[in-house]
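To begin, one chain is listed below as structure tokens, in the form predicted on its own.
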């Protein structure tokens, strides 16, 4: 993934200093070659399992038209959680039937839009959603495939703020109430067709034991519903959340070991032929796009507070990467134009927002000076997609690399973009002074 060339850091065979100088900073950089390689690692891991596998890319990690085209080209399905993500996929040419629609508080407008565009499956997150979805499907004269998102009550080993499968969670229908929800669909929603069960237990999960525990719970429920109700279930979807190695001491999620463990579990429960082997769905996002991206910053002011701390300030911040502020996310980083020099300087890297805006606290870095290029690794997931315009700062550009080529796939926002949606009410026009001087 990286090579050395004099003092510069290379990513996907591209000189990162040259990229920063050409496209400006802050800059998100994404490698199409690494993206496709990560997808194929997933596909290969499940090649020899005895169940049909359905891999859907979790577009919340990062999405845009170019990303959707890559995902579609690789034969993956797509997981969306908003009409914006769904619309992006449609414009990119992905057929509605390859898209799953999630969400814990879907609006009538969103559901109508999704169903009107032939969405492949809607994942029901609460019983309250069932009559709403039934009414929309009936008005469109369609039968809509649905799954139930189950809260399996599993406590995975990850940060509290990205746990989604514990008992106290806004997501999903509690395990004990799932049969009742399935029965409600069958009895009260003739325009809905229940095809499977879904769960998602969290993000950045390091081992597969929690997934196997969740899968065991869903298998038992799948069999129970199949025995009790006149339904033809087809899929058990276990979501995503596979960890990546943000830090050197971390290990990448063992996807081959996970596939093997699931294969053993599903063979144990479905090899007797009483119930057909279901399709197993997974929804990785970070695992695919995280290691395929880096972020480049330019160093500005450096403050050495004697006996306290040395601050290295960069031209980004929490507005374009809120993850450190939200849940203490950590990354590997280096000075790209001093790649071969030792990391012997203890610093705190701060952003430019009107907060403490600590991006990386107490990290070892090469000796920095204004104008240096800072490279942060494994930023492809949940950085650009969570970026904002806090302090009316423009969001960075995204550059896609392929082989020796590089092109912008999301343009850098400009000052004009910050007011492009603004509107001044009529009563202020007459009162505003000096407007012509703006």
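Keep in mind that this is a model prediction, so the values were computed, not measured. Residue numbers count along the first chain shown, from 1.
The protein also exists as the form predicted together with a small molecule; that form is not presented, and the subsequent description refers to it.
- prompt: Which pick from 60, 412, 54, 36 sits with a heavy atom within 4.5 Å of the small molecule in the model of the complex?
  reply: Partner contact (heavy atom, 4.5 Å) among the options: 60.
task: Scan 293, 351, 281, 241 and let me know which has any heavy atom within 4.5 Å of the small molecule in the model of the complex.
output: The residue in contact is 241.
message: Taking the small molecule as it sits in the model of the complex, is residue 106 in contact with it (heavy atom to heavy atom, 4.5 Å or less)?
response: Heavy-atom contact with the small molecule at 4.5 Å: absent for residue 106.
query: Taking heavy atoms only, is residue 382 within 4.5 angstroms of the small molecule in the model of the complex?
result: Residue-level check for residue 382: yes, a contact with the small molecule.
Interface membership of residue 285, the small molecule in the model of the complex, 4.5 Å heavy atom rule: Judged by the heavy-atom cut-off of 4.5 Å, residue 285 is in contact with the small molecule in the model of the complex.
Residue 204, heavy atom within 4.5 angstroms of the small molecule in the model of the complex: Looking in the model of the complex, residue contacts with the small molecule include residue 204, since a heavy atom lies within 4.5 Å.
task: Select, from the options 300 to 308, 241 to 249, 188 to 196, 364 to 372, the stretch whose residues sit within 4.5 angstroms of the small molecule in the model of the complex by heavy atom distance.
output: So the stretch in question is 241 to 249.
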